[in-house]
Structure formats: C-alpha cells, structure tokens
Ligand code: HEC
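We begin with a single chain expressed as structure tokens, specifically the form predicted on its own.
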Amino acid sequence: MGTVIHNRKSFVVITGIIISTFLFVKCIDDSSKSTTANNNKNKFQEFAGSKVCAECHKKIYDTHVLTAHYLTSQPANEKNIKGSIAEGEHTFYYNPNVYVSVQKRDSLFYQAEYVDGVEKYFAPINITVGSGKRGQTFLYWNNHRLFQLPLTYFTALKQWTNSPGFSNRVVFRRPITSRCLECHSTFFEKINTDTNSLVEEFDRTHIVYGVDCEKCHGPAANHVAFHQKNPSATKAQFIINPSNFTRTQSLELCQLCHGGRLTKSKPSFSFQAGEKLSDYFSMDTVQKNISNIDVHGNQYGMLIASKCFKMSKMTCVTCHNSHQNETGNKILFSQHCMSCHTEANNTFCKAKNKVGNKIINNCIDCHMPEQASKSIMVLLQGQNIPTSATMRSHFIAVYPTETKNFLQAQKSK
C-alpha cells in the first residue's frame, strides 16, 4: 500500500525539517542526534490501547473518541477522510496545465499529479492528520518513511487546497518527523536509521494513533495486567492520574503540544505526563510580546499572558474537559468564566446592563475571539495570496472591536 510510483527524475527533500500537519501545524525537529528506538524511554509493548481501556472505562472512552484529540491522526479510510472526491470537487489546479486530484482506486485513496493531462506521480493516502474541525492533511508511507501529500482539505471553505508552506507547486516529498508526530499521536516507534539521514524511519506496526488515553495517563499495559489479575483492587496501579498534578505539571502536559515551537533535547515520545518539560526540551524563558504570539499553536503562551491567568490558579483543564467534545459550546465555556466573574464580587461583565441576560450565553466571542493565524495559511485555487485559518485566541482580554460587533448583533436580535 505504501508503494509510490513516479516518473519524475528528482525531488527536493525539504532539509529544514519544517513540517505542516494537523490543522496545518508547523513543527521543527532539530534533534537528529537521537535516531534509534533504543533511546526512547517508552516502548510499543508498554501500551495497551484505548479499546482495552474501554473495558473498564467505557463511558469515558465513548465520549473521548468524539474529541479532536482522539481524531487528530488515524489510518486513512473512506469514513475519516474529509473532503469530497466527487467529479468537479476533487481537483486542485496549480496552473492550467498542472493539477492534483484526490481519487479512489479499488479500496484505497490516492493523490495524483497530472501535467498536460498525463499522470506524473501518485501516492496513497495512508494516514489522516486532523479531526477536520479546521482542516485535514494527509501522509503516505514510502517504505518506513512518512511524507506529507500536496493537498490539504480546508474545512471552512469546503475546498481542497495546496498544503501550507508548499507555495504554488506540487510537493510529494516533505518528510514527517517524530516531533511532528509527537503532537498528533500517542506513540510512533522509530527504527534504526542512518544518523546522517534527514528523514526518520518508523515501525509501521508499532503506532498508537491519536492523542489517546495513554498520552495523558501513561502507557497502561502494566496497569491493565495488574487489575486483570487483581479485580478486587480499588486503587489504580501503574497509571498516571493527571487530576493529582500540580498546576505546573498540568500546564506542561498541555504545553508539550500547545506551547509553540519547542526544541527537543531528548528523543520524541520520551516525555511522560507529570514530568518536567524542561528535562526534555530547551525552554525559551524570554517573555514574548503577546502581539508576536500566533493564535495557532501556542495557546499556552497566550493564556499565561492573560490577566485572568495571572490573578488565579487556572490551568487548561479549568475550562477544557479532555474526555468530552466541547467544540463550539459557548454556553459551557461562558459558565467557566462566570465561575470567577460574579455579580456578588462585582467582577461580572458590565455589558449585561446593555443587552441583559443574553450575555451569559457567550463570554468568549468578546474576550477570546476568533482571529486569523499568521502561520497557518493555505493557498486557494486561483489565488496568489494565502488565506489564513482562524483560531480562537487564548489571550483573555477586552477586544473593543469584537465587543462592539457582538453587542450590536445582540441588540438586533
């Protein structure tokens, strides 16, 4: 399935190892020093898999599988590939003579490049990256190496687009690194590779897809084995309980993937929930100007710059339940805001006097508005200027323009 047929004489491998994957994320992996699986602390055999977790935690499992975290990487199939492959909807033209189309051949899906109507190159869609909330990009295997395919699906406009960072050209040979996979899966096991190689290799059978149970609770094979042998034991053994974390531990677990570009000092997938992030990454301690933090990819940086964060003990899980799909539930998130901002404490939103109780249903459009990303941009067909993906800001503040627009919209209802 991973065989790639091509007629081109050469391809350029992107040597900067800058990768765009789920939600068009860009990752940097500069740790080519650690290239063997033997350097990784975790092994594939230590993982049980979420379906095994479901045997005892079915209620949590049933809701977790609906989350963007769980869906952030999956083996590709007809069910989880977003974007239409219908005639007239599955093709992206780079110019009148060059296009890439998404096709189904037998039971597999492919992206194929055509020049003057002649197929020049095609590769299978083996892995989906992204839940599809914002978009979805795709990877293919070439032996034990992973590469990104040229077309990404942009959900907001229901269009296939050129993948972020590819400019206006067809690229099939952008390598995917372990640091990129670290934020879009629970585990990929590296295999021995040439230390001089710019492209990492992975065991195609030793993968735990998605940001799954064991990403936050740790590898669970020993936990499962113990409790299967000791069904009457009530205290969980050989497992991590993030609810017991300190504020720093909780934040750093999320910072691993939502803290901007981190330069790893140890192999990817070595960090485990509850550990000190700086033991695995070179941390940038310089306080950045909030205007320089992009709305995508560094929610941690935006949050800790917020007054709400500085004046409370809040963490990411103060507002987010990682076991539930809460996407778009503005009322729920507003309730979290109002748990601190109360009329009794004279900290409630003053806009209530203007629009009444409608205000309690939506705090975040005023104080955490959707904003255009400066780093996640896609080139739409026929356009020369990239279009930004929008993300919700995690810098909690007063946004005068957004607030004015929101209040005017409420009055007109």
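Please read these numbers as outputs of a predicted model, since none were measured by experiment. The numbering used is simple: start at 1 and walk along the sequence shown.
Below, we turn to the form predicted together with the ligand, even though it does not appear here.
Proximity of residue 104 to the ligand in the predicted complex falls outside the 4.5 Å heavy atom cutoff.
Interface membership of residue 150, defined by any non-hydrogen atom within 4.5 Å of the ligand in the predicted complex, is ruled out. Within 4.5 Å of some heavy atom of the ligand in the predicted complex lies at least one heavy atom of residue 328. Contact annotation: residue 182 falls within 4.5 Å of the ligand in the predicted complex, judged by heavy atom distances. Within 4.5 Å of the ligand in the predicted complex, a heavy atom is found for every one of 239, 256 and 394. Of the stretches 91-99, 200-208, 113-121, 296-304, only 296-304 has residues with a heavy atom within 4.5 Å of the ligand in the predicted complex. Residue-level contacts in the predicted complex: of 223, 264, 145, 173, one residue has a heavy atom within 4.5 Å of the ligand, and it is 223. Of the residues in 64-80, those that come within 4.5 Å of the ligand in the predicted complex through at least one heavy atom are, in sequence order, 64, 68, 69, 72.
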